[in-house]
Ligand code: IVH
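Starting off, we have a lone chain in the form predicted on its own, written out as structure tokens.
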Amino acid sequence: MPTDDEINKLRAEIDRHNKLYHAEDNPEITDAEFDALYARLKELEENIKPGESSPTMKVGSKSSKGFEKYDHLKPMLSLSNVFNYEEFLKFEERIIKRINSEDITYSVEPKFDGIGISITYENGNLTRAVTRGDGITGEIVTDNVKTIKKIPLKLEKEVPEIIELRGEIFFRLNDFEKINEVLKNEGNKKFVSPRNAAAGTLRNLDLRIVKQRPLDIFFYGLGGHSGDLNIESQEEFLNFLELNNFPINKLVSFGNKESVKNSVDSILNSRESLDYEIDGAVVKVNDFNQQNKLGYVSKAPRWATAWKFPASEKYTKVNDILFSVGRTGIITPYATIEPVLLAGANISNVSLHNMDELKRLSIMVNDTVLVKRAGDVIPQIVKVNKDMRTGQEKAIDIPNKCPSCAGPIGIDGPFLKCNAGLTCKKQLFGYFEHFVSRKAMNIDGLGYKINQHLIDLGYVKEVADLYKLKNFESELKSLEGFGEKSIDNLFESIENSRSAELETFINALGMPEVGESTASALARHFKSFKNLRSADYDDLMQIDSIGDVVAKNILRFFESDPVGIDNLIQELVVKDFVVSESSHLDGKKIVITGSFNEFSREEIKDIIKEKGGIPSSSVSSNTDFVILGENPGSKYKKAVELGIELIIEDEIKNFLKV
């Protein structure tokens, strides 16, 4: 019989996760883990009256997003990117060719790091506010947006019948820090960035909370409209906004191509002094008639581009230097630092990669370091400011045994390595997470906490044990957080994985430096797992994409067999590789970059494999094609430099023959 204390704790935990998911857009657990908690509570409440306060009785459970969907009058599109003046000049060349004119004026404005919003006025009255969503359909958040006092509820001058105005909602940095301070004092998890906080607040179902948080906004764009609107340029549009008391950014400027770089540099130089986050500038053709002539390509306008800024850099202090153990036993040093906000994210941990990097930096605990968020994605320590040392710095305590299992460690190139294999729980956990992940065996229902439970309680000592969990069905269903339905779903997912594609199984094995593209190449070459396992060095080196290091890694992996392959393949059927009849991409190496509207990246990968191609993660001279989506980043630039054929989204269906 469940105790009141057990039920109350579970209710409190579910309430907390509901709040993180709905109110703050900041979930800590997966949907599957939430389902397991919820199912467990339902099970415990079967023989009692839950009461109205129970999460099982409340409106707004996980399955309801709480906001009505709505289609924009005119899609909210993404932008192409440039990173320097040379790339901007190429952008302009394409414009000149299409409109056959060099008489072009541009607007240059900050690219805000917030949440896009579309606000509709009908006969002058604010009637609807809709999030960007997927660009076509967003969520109606009108009441939440009306809490922003700067937004006029009524247009007073030059009022059209219907008009959509586009803007960016954000938090000022001081307000963001105050919100996090409140959350900390209330014992809640803080937001990781101002953008994350704006997203969570904008979609908060509790209007009282939204009113307490001072969301801000800048208006910058015109969406759809009907009725008289005598506006012929971006400059005139901003004048219209100002005339009707809408907040617009004061850093906007207008000029020809020679002035664009100075305008972008001016915005960049002001970045550190601004009290809101920006990650670049937006350059637009000013004239609306020219915009209309230019039109759109790949779901982005030809008349606008985002000029992305270099990575943000800031100094901070090293609190400690620690070591973590990965699934292959590699021990990675990392620094815990005084949290620093870089390019919209709060950074508190920075990888130091390996022992060579420690030597290069000559880093110590309490050092002052320059942290850079390269590509606005990966934080790294650029250098140590040794002039700031005070004598309080301490040398790094290099481990002489595994930080996880206290087992023996050795040297593997520039790395320390735990030699205990999967008897080390950190390695077992990392390997288990990789094996069941979506890109490997794709076994649903195994989140971080459940994986940790299965390992800590001894149900999984090697990965083959996963396929024997049904022997412990009654025990698992009795554990807290392991509801009957979630366990049944888990068993079903495990059974479905017993028949595996060869390339999927090779990737799931987690051999060092063997990812999806290498696994695909191995499957295509050897056709069966038996052939691969019996291959020698010369056999492996026949594959173009495999060099000396990877070949030796594969041979060492099969020789040492850290995962118990014989036990594992007794539980599975690993299918031989068969090239489909429609394999027109046979052997072609294809890189996918950017985001897509009609396909997910995984769908494109699956089709490429089905057609005989080899999805690759990096662009090189061996790449045959690059499939280009929105916001492609550095891979696009490298593909252009190497002269690799580009496939834009409008051409994907024809290219893939689907």
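Predicted model, so just to flag it, every value in this text is computed and none were measured. When you see a residue number, it is the position in the sequence shown, counting from 1.
Below: the form predicted together with this ligand, not depicted.
The partner is not drawn, yet in the model of the complex one stretch among 200-208, 299-307, 515-523, 412-420 has residues with heavy atoms inside 4.5 Å of this ligand: 299-307. Comment: this ligand is not present in this chain, but in the model of the complex one of V260, V282, I148, V340 has a heavy atom within 4.5 Å of it, namely V282. Site annotation in the model of the complex: the residue of A464, L77, V365, I543 reaching within 4.5 Å of this ligand with a heavy atom is L77.
Contact check at 4.5 Å (heavy atoms) against this ligand in the model of the complex: none of D606, K611 and F655 pass. Using a 4.5 angstroms threshold between heavy atoms, R373 stays clear of this ligand in the model of the complex.
Contact check for D287: no non-hydrogen atom falls within 4.5 Å of this ligand in the model of the complex. Contact between D216 and this ligand in the model of the complex is not found at the 4.5 Å heavy atom cutoff. The closest non-hydrogen atom of P110 lies within 4.5 Å of this ligand in the model of the complex. Annotation for 214-247: the only interface residue with this ligand in the model of the complex is Y220 [heavy atom within 4.5 Å].
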